[in-house]
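First comes one chain, alone, set out as structure tokens in the form predicted alone.
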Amino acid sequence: MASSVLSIKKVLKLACNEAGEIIKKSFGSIKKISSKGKNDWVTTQDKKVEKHIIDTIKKYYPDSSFIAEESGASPKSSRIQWIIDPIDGTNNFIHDYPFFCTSIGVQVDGELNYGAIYDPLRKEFFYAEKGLGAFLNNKRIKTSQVDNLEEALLCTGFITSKKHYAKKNIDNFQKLLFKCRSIRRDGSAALDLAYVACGRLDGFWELGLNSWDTAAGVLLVKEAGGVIGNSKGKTFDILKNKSLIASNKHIFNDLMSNVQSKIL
């Protein structure tokens, strides 16, 4: 196993850049789509990109284990675990709506230490390393300084493949709609978290997420000075919790008090 901390960053950047090239070649063209369930879609590009990312990582860290959206979890036999969403925002990608990304989080000995999110269309590489900060194209980023909900630009998501989450979140949306400046629904939780980290959004919440949606973005927000919690405001566990709240440190409590879910 490679010993250089920097090499993990280099592998993340290499994997993201190569994934981005595959994705861009298919943007604007007809995609081959198959169903994973009700309102849950996957393209051949999702699978191709995921395989390429895993193959790239294995060249440098052959003993790694993985949690990946399309291929699932491999046996956890390594100190290093890579959590991968090849195309977060598949529905957007299918429709050539330009808001999607590749997201990779890295756990070392069970601790989330690295995260990368790459938007191939804007060539924006978000990177975070535990204790060393969060960056966008090598420039340090910080969460916003908006200190009240009334001036906040928020974002959320509705997972229509899981109606019970969407129905619960409609109440949250209605509750917050007239308490903030505005709300967006962009369709990529990972990229939404990156936008909270760099201050483009002041807060984000969603119910029904998976570890590959959140791993990299959670670390980005934390390292950018933001706050992450589950729907009870407690510590968010990327492997156990489904409901996430993220914001700058000023509005977190107000945002949390308006987001209700019995599902952590």
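The first residue of the shown sequence is 1; numbering continues from there. Note that the coordinates shown come from a computational prediction; the quantities given were computed from them, not determined experimentally.
Below, we turn to the form predicted together with ligand IPD, even though it does not appear here.
Ligand IPD in the model of the complex comes within 4.5 Å of a heavy atom belonging to residue 90. Although the partner is absent from this view, residue 188 contacts ligand IPD in the model of the complex, with a non-hydrogen atom inside 4.5 angstroms. Contact between residue 176 and ligand IPD in the model of the complex is not found at the 4.5 Å heavy atom cutoff. Although the partner is absent from this view, residue 209 contacts ligand IPD in the model of the complex, with a non-hydrogen atom inside 4.5 angstroms. Screening 154-162, 105-113, 130-138, 73-81 for residues having heavy atoms within 4.5 Å of ligand IPD in the model of the complex returns a single hit, 154-162.
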